[in-house]
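Take a look at this single chain, the form predicted on its own, given in structure tokens.
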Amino acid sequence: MQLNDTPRLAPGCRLHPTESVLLIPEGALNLRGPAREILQQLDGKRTVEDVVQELLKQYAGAPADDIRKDVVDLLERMQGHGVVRA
């Protein structure tokens, strides 16, 4: 996953309206940490870097490189599960 990619959730995947769960056609994935905040920003218009910049606003003082790495790692894992597309 590159910083200029514009990821989105795969068809049939959606966030639970109130819980930290990603609903997928085969079941559900429990989300931890800021995963929900990251995934809810995936609209196919925002780039990975846009998501990183939004998180930097929310977590002022957090190292930008760490957030960037965490976002890319999460999106690559989700892409591996077939629930995120770039």
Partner chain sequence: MLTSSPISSLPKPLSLIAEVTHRCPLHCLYCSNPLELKRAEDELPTADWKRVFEQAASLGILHLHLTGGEPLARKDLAELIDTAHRAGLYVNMITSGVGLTRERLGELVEAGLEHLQLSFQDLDETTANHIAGTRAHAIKLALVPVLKEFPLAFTVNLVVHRMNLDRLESFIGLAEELEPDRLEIAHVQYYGWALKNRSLLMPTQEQVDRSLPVIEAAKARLKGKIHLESVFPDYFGSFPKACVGGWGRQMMLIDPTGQALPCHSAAIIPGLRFDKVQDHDLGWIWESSAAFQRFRGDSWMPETCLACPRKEKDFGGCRCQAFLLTGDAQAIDPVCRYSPDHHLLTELRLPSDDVLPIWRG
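No experiment lies behind these values; they were computed from the predicted model shown. Numbering follows the first chain given and starts at 1.
The following text describes the form predicted together with its partner chain, which does not appear among the structures shown.
- By the criterion of a heavy atom within 4.5 Å, L74 is excluded from the residues contacting its partner chain in the model of the complex.
- Contact annotation: G61 falls outside 4.5 Å of its partner chain in the model of the complex, judged by heavy atom distances.
- When its partner chain is considered in the model of the complex, D43 lies well away from it, no heavy atom lying within 4.5 Å.
- Although the partner is absent from this view, T47 stays clear of its partner chain in the model of the complex, with no non-hydrogen atom inside 4.5 angstroms.
- The partner is not shown here, but in the model of the complex the stretch 25 to 43 reaches within 4.5 angstroms of its partner chain through a heavy atom at P25, E26, G27, A28, L29, N30.
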